[in-house]
Each structure stands twice: as C-alpha cells, then as structure tokens.
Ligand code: 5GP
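To begin, one chain is listed below as structure tokens, in the form predicted alone.
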C-alpha cells in the first residue's frame, strides 16, 4: 500500500555542521531527497545555482512570498531563505523523504505548517567550539562571527520546540545518531497506509480504496472553540484522531488530501496532507467554502460545537466579578450552509435504540451520500479514545456496512474502502 515520505529538518546555529549531516542522510538512504533552498544572498565561492541554492533577487523572493510559494521562509543575517512547499509535498506524496538544512526560525515555521515534520537540533560540544569553527571557515569577518554567536544564543533558546538533539562533536558519532533517528521515524505506522503483512488477516477489508486514487478529498476534523473571552471557550471532547486517521486512509488510497482541523490534540497528519488550521465554527465554514470547490469528497468528521456565545468578552473575565451568565446561540450547520458541490460523508454519534433512524434522518437533512454511525455508550470507543467501531449507512439504499472494532486508523481504512465500493457501484450503475 501507499507509504508516505517524511520530512526531516536539521537546524542549528551557523557552523554547527547540519549541512554535512543532512547530505549524509541523502547519500546513505535511497528514496531521500535534499531540498535546495531559495535565497537572496549572493553565491559564495563555487556554489552552483540549483544545487547549493536557488539564487534570486529581493523582488522575486517577495513575489514568491505573496503567492504562498514557501513552506517556510526567514530572514537570517540580512538575507532571506525559503523552502518551496509544493515541491516538498509532491516528493512526500511519491513516498520519498525530504531532508531540509535550514535555520532555526524556518524549522519552527515548518513544525507549525507540518506538525509531522521531524525536527533535529544540531550543536557542537560547546560555544567555544562553534566560535572556532566559524573563525576557521575564513568566509566571515570578526564582526560577522560575533553576530553569528549572538544569534546562536537566541537559536538555542528555542531548542525545546525540536524533537531531537544531536551533539556534533565527533562526526561519525553524530552521523550514527542522525541515522538512528531517521530509521526509527521511518518505521512509525503514521507513515504507512497499512502494512501489507497485515492485510491477509482481514480479507477484502480494503477493497474499494483504489476508487480514491487521484481524487481530491477534504476532511474536517477536531472540535471548534467558541470563545467566551480571550481565554475561555465552549467546545467538546473531540481529540481529532478520527479526522487525522481518515486523512491517512484517503492518502493511503492515493488521494490528494486536505485536512481542515479545529484546535485538536491530534493534528499531525502525514506530510503530504495539507493542514488548514481553524478556530471557530464560522472559521471552519469559511475555510471549507474555499476547499470544497474542486473536491471529489467532503468528509465531515469534525465535532463542531452546536452553540456559541452571543458575544465574547475582551480580555479575561475575573473571578472577582462574581457569577456570570452566558447567552448562547446555535452555530451554523456547516454541511447545510455549504451545500457542497461534491458528495459528503457525514458522521453521527448517537445513543439509544433509535440511533439508526436518527442517523438516517441526519444524513438526509445534510444531503450526504453516506453517514458513519458510532454509538456513544460503548466503552473504549469514540471521543478521546484510540479505537472505534460503527456502521456506514448509505443514502442510495437500505443496506449498511459494519466496521469492526479496531484502532481509528483501522476503522478509517474500512470507512474509506466501503464508501469507495459504494461510489464505484453507483458510477457503474
């Protein structure tokens, strides 16, 4: 099955040796690409355009920023550097891993835009060693070295954002360390659609996934936050894991996937998935209006708050003010408000004996082609759990498909496959 490439970011102060370690990974592991940054600085020595950097002027760099060309960009030591976002995602969608050698500012931006990226901070054994390395390069003046050392102190202060630390004191030891990180991260299930060795245990379970190859799927995920003041909010218990798992499943099927997520605990889809972050129900509605225009499927897995405060207070309400009353009004029904031009898969969390009837009524009201019903009274399933199970109901017939208990990753594959089979039959019919 499809396997997503990963994004590895090596960053640290100038002179830490991150470039050497980045090229080591690319040279050692097949299917790994080095991302060439774009910069406004002039070339040094024998640097080659397109191999070491893409050299552009300030005007061209600004145009690319305005066109959202960069996954990240930053100004470092008076020059601007950036990484092309679409190229990175295309490589990862092909199953190839990408290695970035960038500054610390850029690495933090990458983690914000692509939470699944693996950030590795590189430092030598001490600040004295770093200073000596900068002086021995003979490419910078004493004043420039002083500026770089001052910048290094600031860069070290944000090291806690990173996932790993490598001390680049003995080069061979540092290479071994970065190899260990690379291999361990590549084995994470997050980056594998579903191991082929596991498919035999559930024969036919993923039949239908191929229907989504080459299609564009938009998945909504997580809760929304409806603000009471600038600190407190109305929300629900959604962790976002089901939405992320669905994004992984459709990606495994070969689809182009966009994940529109509220502020969830789980917001780490594989790198090829484009992540759009939203806050409130109205924010989600606005984002989805843009994303569904060219979509082949909208998956409404988000647990959107049903009510929002009529008005939000500025600042933070004080306990000393005593008790407060909050007037609530309904949030928009996003699916109905969108009237999306593509098929919709809805979700229903229900309780009681009439759950199926209520789910079918909801599916009809929202104009969905299918709805996934999961029961809220089953232990270890649903919100804030790692597992789930449920039933897919279809608008075109009275038939349904039972999705057995398993991890949300397993359940999401079953949902995507079952819907693919139904859509394919509808097309052929």
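If you're wondering where the values come from, they're calculated on a predicted model, not measured in any experiment. Positions refer to the first chain, counted from 1.
The form predicted together with this ligand is left out here; the points below concern that form.
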item: Single option in 296, 350, 103, 256 placed near this ligand in the predicted bound form, where near means a heavy atom within 4.5 Å; value: 103
item: Interface residue in the predicted bound form among 289, 96, 358, 77, criterion: non-hydrogen atom within 4.5 angstroms of this ligand; value: 77
item: Output flag, 18, 41 and 148 jointly within 4.5 Å of this ligand in the predicted bound form, heavy atom basis; value: yes
item: Heavy atom of residue 81 within 4.5 Å of this ligand in the predicted bound form; value: yes
item: Interface membership of residue 53, this ligand in the predicted bound form, 4.5 Å heavy atom rule; value: yes
item: Residue 374 within 4.5 Å of this ligand in the predicted bound form, heavy atoms; value: no
item: In the predicted bound form, residue 37 touching this ligand (heavy atom, 4.5 Å); value: yes
item: Per-stretch contact check against this ligand in the predicted bound form, the hit in 376-384, 25-33, 41-49, 400-408 (non-hydrogen atom, 4.5 angstroms); value: 41-49
